Ligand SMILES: Cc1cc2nc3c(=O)[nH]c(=O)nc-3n(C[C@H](O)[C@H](O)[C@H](O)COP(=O)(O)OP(=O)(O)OC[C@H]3O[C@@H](n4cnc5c(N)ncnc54)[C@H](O)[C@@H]3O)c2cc1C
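Next up: just one chain, as structure tokens, the form predicted on its own.
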């Protein structure tokens, strides 16, 4: 056992050395200097190119099986690479929803056809995915989605509207939750579908955020056909599938991805405020909390063999990083560094929605109270 642990430790140390060297060579100085202040088209181009670089360098899908284009490593390597990427101020790829949400869901519940068809293009950056969960009248109560999937010969016709659909303007496919049976009871009337965003009947209306970005859209579906082979799991099992998606969206890999951005912002803020002053105590406190996010991710990874312990460790991450990011950018905007003013304005406005999307802080605290602390509903 000791020898096996030593070999495993040596392999991980070698992985970190190789990854650190690769990041130093591949993260451009241009991105480091201008991140957060680029025009949307240029930022999109850089993020898409980063997905391709990761795949070519062997750093996409680190924990996914080799037969589907992954590297066959583990969650520990995903987290280690995320930490190193944070230090290198690497971009966040455009294909993050496909990698973090779609790929693990298909590994857990997908058919062989779905895995062999969709996983490799996700990892290579060839295909971008979006998530069709939230609706204009259905956000926190996800079970109330009204977008319908009507059974027809060979598949389903999808009709309805999704909102806050990240990356939909760039997406090839949508991981979509729809109501497939009006008569079935709640939680058993939903299905998860893999919808072609280039199919007839898809209409995208971009939403301009207060920051000026247009990452989100309202997406309308007018009898969009989805083939039977693009149903994930069984019809009526959509709620179960959605819980897998949300566990990944709020879990360790998403936590380390967010740590990447927050760590880079923290380092920049410390650079902006290198002289002692009244804000130093706040800065030191925030810097400690940034590292607590990383530590909590590591704790979750160390418990991945125990499903219950892993989920409990991961559940607190969404509240931790979203509220921390808001506090960090609020302080940065208040201090008003003249050199990085445009960056801090953008990040401050972007962070306002962080405690709403992927589950509001209120909903997350309810989940933590019930499933971690065991409090009554």
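Numbering follows the first chain given and starts at 1. Fair warning: this is a prediction, and the values are worked out from it, not measured in the lab.
Beyond the structure shown, there is the form predicted together with the ligand, which is absent from this document and is the topic of what follows.
Taking the partner from the other structure, the ligand in the predicted bound form has no heavy atom within 4.5 Å of any heavy atom of residue 91. Among residues of the shown chain, residue 362 is one whose heavy atoms approach the ligand to within 4.5 Å in the predicted bound form. Contact annotation: residue 105 falls outside 4.5 Å of the ligand in the predicted bound form, judged by heavy atom distances. The ligand in the predicted bound form comes within 4.5 Å of no heavy atom belonging to residue 179.
With the ligand left out of view, the stretch that reaches within 4.5 Å of it through heavy atoms in the predicted bound form is, among 189-197, 211-219, 263-271, 69-77, 211-219. Only one of the listed residues (110, 255, 132, 98) places a non-hydrogen atom within 4.5 angstroms of the ligand in the predicted bound form, and that residue is 132. Out of the listed residues 114, 248, 163, 298, 163 is the one that sits within 4.5 Å of the ligand in the predicted bound form by at least one heavy atom. In this stretch, 183-203, not one residue has a heavy atom within 4.5 Å of the ligand in the predicted bound form; the partner itself is omitted from this view.
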